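Below you'll find only one chain, the form predicted on its own, shown as structure tokens.
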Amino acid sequence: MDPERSKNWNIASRAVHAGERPARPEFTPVVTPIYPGSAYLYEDIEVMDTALAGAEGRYVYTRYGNPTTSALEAAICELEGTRAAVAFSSGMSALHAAIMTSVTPGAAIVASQDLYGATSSMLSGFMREWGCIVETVDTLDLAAVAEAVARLEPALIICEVISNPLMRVSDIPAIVDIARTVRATVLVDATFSPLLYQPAADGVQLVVHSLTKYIGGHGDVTGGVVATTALRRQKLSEFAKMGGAILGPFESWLALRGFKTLPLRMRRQCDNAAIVAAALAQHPCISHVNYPGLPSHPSHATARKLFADRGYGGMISFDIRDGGREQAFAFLEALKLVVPATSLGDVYSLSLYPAMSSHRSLSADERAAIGIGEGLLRVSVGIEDPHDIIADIDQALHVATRSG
């Protein structure tokens, strides 16, 4: 506040403005500041006019852009090797924006058959109601993908690097090659695989992450982001601006803070998951373990090709032997170290029952058709001691199998 301007103001006016809008500092803070302001001031109104017109690096209203969020988006560009990134208020809002800016009513979409449940529901519900033709395909069957793409000539192909919850790994470079035959856009959800693989390097135009998961990493932020080309940035930014599903500055700062330790956490989670998966594969109460690091997994060769020596992710799922809903509930209730919560990628290990949570929107028959049985449980392996994780899962399994 300018003392000369305010010296004749009443205390009621000075109290409102005191301490606000200080001169621009000459120092640079070590950590990116949180800019909570909803609007930004320019002494030169001509400059404000350029900001309202969308000038790069100028801010006028937080729904149009925010400096803290811009810092996060720049970090995501470093992660994915893209020219642009646009943040959203959740992973699903990021996915919605990526889809809606890539298709028009009547367009065809080819989607992986085992996407995250909410993604499948969006495609089969809202997108079909909007007039799109949606066909699902097993993306591990490249011949089936090629046939569907040749027949439908889709505007968009959607898949996940590591699928939820069966941990199937799609051959992204091969899918991109198929997409090029009809100039289809490829959208990849890479939430399960940050740092393990960069889809954009193989020609993927839209890479989506739920910031809530590995990038945030501490269970204290909800957000999403689309890493993309410079050409697509404007349309995505306009969608965020008009739809209003923006990421707030506090959430952006939390996600940016989490990003700084992502390489350390991801390495530990991958190492831990490999140890836990190997132990569970020998457990008498488990009939099957889904983890791409196991040689028995159908995607093991593809995972090795895409991930090299960077690890196989921190996600595991398994079927309780002869188990169903009753045993799954008993397992979750018996956990002591592993947290029974509907998220993943946090520093602490988490477990959920897909039939109750991530794939609740699908019927039992729909889940069974894509391999999600009534006794399937998912574990997001955290950074705790792996032997403590194994011991907790072991005791919970014994409680669960006694419950029948």
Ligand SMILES: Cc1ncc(COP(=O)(O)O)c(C=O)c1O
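Numbering starts at 1 and follows the sequence shown. Owing to the predicted nature of the structure, the values given are computational and were not obtained by experimental measurement.
Although not depicted, the form predicted in complex with the ligand is the subject of the following passage.
- Proximity to the ligand in the model of the complex, taken as a non-hydrogen atom within 4.5 angstroms, holds for one residue of L377, I372, V338, L344, which is L344.
- With the partner omitted here, the residue from G223, G323, P154, G258 that has a non-hydrogen atom within 4.5 angstroms of the ligand in the model of the complex is G223.
- Between 303-311, 124-132, 83-91, 228-236, the stretch whose residues reach within 4.5 angstroms of the ligand in the model of the complex through a non-hydrogen atom is 83-91.
- Contact between F192 and the ligand in the model of the complex is found at the 4.5 Å heavy atom cutoff.
- Using a 4.5 angstroms threshold between heavy atoms, R168 stays clear of the ligand in the model of the complex.
- The ligand in the model of the complex comes within 4.5 Å of a heavy atom belonging to E160.
- Using a 4.5 angstroms limit between non-hydrogen atoms, N290 is distant from the ligand in the model of the complex.
- Scanning 93-119 for heavy atoms within 4.5 Å of the ligand in the model of the complex gives L95, Y116 in sequence order.
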